[in-house]
Structure formats: structure tokens, C-alpha cells
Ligand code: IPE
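Form predicted on its own, single chain, as C-alpha cells, below.
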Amino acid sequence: MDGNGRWAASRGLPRTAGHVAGVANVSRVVEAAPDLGIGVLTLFAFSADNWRRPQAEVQSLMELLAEYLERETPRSVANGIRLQAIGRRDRLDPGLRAAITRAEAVTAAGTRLWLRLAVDYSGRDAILAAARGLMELSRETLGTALGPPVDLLIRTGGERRLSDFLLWECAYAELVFSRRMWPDFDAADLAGAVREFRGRERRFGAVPQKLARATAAWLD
């Protein structure tokens, strides 16, 4: 969800206007995702490093998140969307923490889409926290504690880095970088990214299928 501030600046608007537009766009992308075969969608709403931003901007972002939860939780229940927040919660306002807990509880039965909002999130911190909570440490137990592996990671706003997002889960993710600022990233852009993903050959370290078949035929 990158590019809100630059989207606003390019229009002579305050950064907060970009964040408002970005939150509005979340609903459009979420509505489009299930019809594209997406079962799990994780949005990077607020990173652990974003606390370094001006206090007024941080406060605005937190208020927008609270408003989003209040507005979208009933719609999520009606549309079969399960909401979950990942990341730290101890630094959030108690009212926001309560809103997150309530949203997670009332949407828990949703099966059409699992929508995960990364709030006060750091991939490195998430790995550390998960490892500390395990009695037995292995790839399997750590992977289960962190969450589902990522198939496709889309970065908007023209940036080409992971920025501490889902580092373990993105081990074999396909990456798509879009120049579109998040408020302009629409259902068509999402569909295009999914098409590109489906056109790629995912080998997970193995030999490409065509080469493997050719090798097997030669050995026969």
C-alpha cells in the first residue's frame, strides 16, 4: 500500500488526503480479490518503522484504521471475509486494540477471503517473536507460527524492496512491482498482476519441467 503521500503531493494535497484515498482503495481491492482466486490477502498498513513519521500523520493513520474497522467489520461479516491483524499491539491505543479484537472475533467464520492487516509490523520482529514462543524450533513449526507462505507480493508506488515485510513467508514469492501509487491501484491492476503471476514458472529450486522431461526422455 505504498505511495499515498506522493499521490497526495502530486495533487497539491496534504499527505493525510493520500492516506484517506488509500484507505478507500482498500475496499475496492478487497472486493476484487476473491473473484481473482485470491484466498489470502495481506496488506501492509503500518510498519514498525512508521512510528518515526510526524506525530500528526501517525495519529491520522491510526484514526483511519479505527474508522475502517468500524465501517468494514459488518460488511466483512456479510461478505464472508475474515479479518486479522498481524504485528505488535502493545503500542496501539487501547480503543484500537479493542476494535481489532472485536473485528477478528466477529469475522472469524469468514471463508471467502482471509484479509490480514499488518499493523505495527516488522518481518524481523515477527520471526523473533514466533521463535521465542516455540517449544521446538524447526522450519515447519516456525512457518506455522508465522502464517501462510506468500505466492505473490505486489509492491506499489514504484519501490523495489521488501521493506521488512513477511520476510520468512516470501522465501519463494513471485514479485511484481507497479509504478501505480496505491490510491490508483485498481481491480484491473490487481488482475494484471495475477495474470503475470500465473504466467511464470515456479520451480522452487528444482529443474524446469520442460528440461526435466527432456532429460528423462534422453535417459530412457
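As the structure is a prediction and not an experimental result, all values here were calculated from the model. Sequential numbering from 1, following the sequence displayed.
The discussion below concerns the form predicted together with the ligand, not included here.
Undergrad: Can you say which of 189-197, 48-56, 170-178, 29-37 gets within 4.5 Å of the ligand in the predicted bound form, counting heavy atoms only?
TA: Comparing against the ligand in the predicted bound form, the contact stretch is 48-56.
Undergrad: Check whether L61 has any heavy atom within 4.5 Å of a heavy atom of the ligand in the predicted bound form, and answer yes or no.
TA: Heavy-atom contact with the ligand at 4.5 Å: present for L61.
Undergrad: Though the partner is not shown here, which residues of 1-16 have a heavy atom within 4.5 Å of the ligand in the predicted bound form?
TA: Residues within 4.5 Å: M1, D2, G3, N4, G5, R6, R15.
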